[in-house]
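There is one chain below, alone, in structure tokens, taken in the form predicted alone.
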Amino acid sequence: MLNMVACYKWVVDEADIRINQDLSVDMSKAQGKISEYDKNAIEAAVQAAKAAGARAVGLTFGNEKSKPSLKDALSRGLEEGYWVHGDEADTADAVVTAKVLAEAIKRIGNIGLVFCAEGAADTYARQTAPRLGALLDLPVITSAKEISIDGNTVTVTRKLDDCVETVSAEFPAIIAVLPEANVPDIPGLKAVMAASKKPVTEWRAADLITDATPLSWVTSVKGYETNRKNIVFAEGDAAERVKQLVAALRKEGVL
């Protein structure tokens, strides 16, 4: 049976991040969660598995703190979880992450499609899918807004900056999913309880790759300070002031 693989990342919950007065970032009390964008990748894999009569599985790379992600991911419709763990994840950049995931995907085998988010919630580097394609020598379709499957062919509508493009590829292939591609289900109590009984395969990162030296690394983290324009719309009646506000928001690219 073909495997539809959803790659996902365990990230810091941004709701728990605190910015101090000096713009230093306090993440000491932050909990972890599956990246919101990666939930779309999981949902896409589950839907693809149903359409193709395949198996939806999850794959993640993280340190020991990422272990709770497995139950959450499996409660979202995946049939099996694959967890690559090791301290290498703490310093891994896109290069190391892609190497680890590529080797894990080879071990999973019998691949139909590999789903990634267009970018992770913490970095949004948009590198995982293209790097996996290069390492595995597979076609890559990014910016996926709509996905349909017919036999062993996947057809994707891509949302680009100035147009919409429709492309197709034969299995196996890699797809990077946009947030608007689907609406992830919220797991119910029954699904959460069933998740603890689903199989999980664990690998150590050191057993998959011998060199986990990143090519880039974080040197510092600092909060962002916004300089507000403080524009006041005081002239005209209420309707006119609303029009001025909408026009200003459009000019700023908000609308």
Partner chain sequence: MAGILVYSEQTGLAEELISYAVSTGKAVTAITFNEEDAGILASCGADVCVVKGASDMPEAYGKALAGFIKDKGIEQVLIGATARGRNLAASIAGYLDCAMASDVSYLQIVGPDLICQRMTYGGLLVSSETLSGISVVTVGPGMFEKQEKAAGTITSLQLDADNRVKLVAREPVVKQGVDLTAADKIVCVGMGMDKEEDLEMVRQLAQSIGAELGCTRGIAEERHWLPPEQYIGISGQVIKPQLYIGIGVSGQVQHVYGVREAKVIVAVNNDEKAPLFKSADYGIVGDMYEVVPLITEAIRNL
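What you are looking at is a predicted structure, and each value in this text was computed from that prediction instead of being measured. The term rigid core refers to the maximal set of C-alpha atoms that superpose within 1.5 Å between the two forms. Positions refer to the first chain, counted from 1.
Although not depicted, the form predicted together with the partner chain is the subject of the following passage.
J.: For the interface check, one of 156-164, 109-117, 69-77, 84-92 should have non-hydrogen atoms within 4.5 Å of the partner chain in the predicted complex; which one?
T.: The contacting stretch here is 156-164.
J.: Given the partner chain in the predicted complex, answer whether the residues M27, K222 and E252 all have a heavy atom inside 4.5 Å of it.
T.: Yes, each of M27, K222 and E252 comes within 4.5 Å of the partner chain in the predicted complex.
J.: Though only this chain appears here, would I141 touch the partner chain in the predicted complex if you measure heavy atom gaps against 4.5 Å?
T.: Contact check for I141: yes, within 4.5 Å of the partner chain in the predicted complex.
J.: Verify the contact flag for L215: yes if a non-hydrogen atom of it lies within 4.5 Å of a non-hydrogen atom of the partner chain in the predicted complex, no if not.
T.: Taking the distances in the predicted complex, the answer for L215 is yes, it comes within 4.5 Å of the partner chain.
J.: Can you check whether D137 is within 4.5 Å of the partner chain in the predicted complex, heavy atom basis?
T.: D137: contacts the partner chain in the predicted complex.
J.: Mark E14 yes when one of its heavy atoms lies within 4.5 Å of a heavy atom of the partner chain in the predicted complex, and no otherwise.
T.: Although the partner chain is absent here, E14 would touch it in the predicted complex, with heavy atoms inside 4.5 Å.
J.: So which bits of 237-255 sit within 4.5 Å of the partner chain in the predicted complex, heavy atoms only?
T.: Residues within 4.5 Å: A238, A239, R241, V242, L245, V246, A248, L249, R250, E252, V254, L255.
J.: Core aligned, does the CA of N230 move at least 2 Å between this form and the one not shown?
T.: It does, since the N230 C-alpha is displaced 2 Å or more between this form and the one not shown after the core fit.
J.: Look at the CA atoms of D161 and N227: state whether they lie closer or farther apart in the predicted complex than in this form, given a difference of 3 Å or more.
T.: Compared with the shown chain, D161-N227 is farther in the predicted complex.
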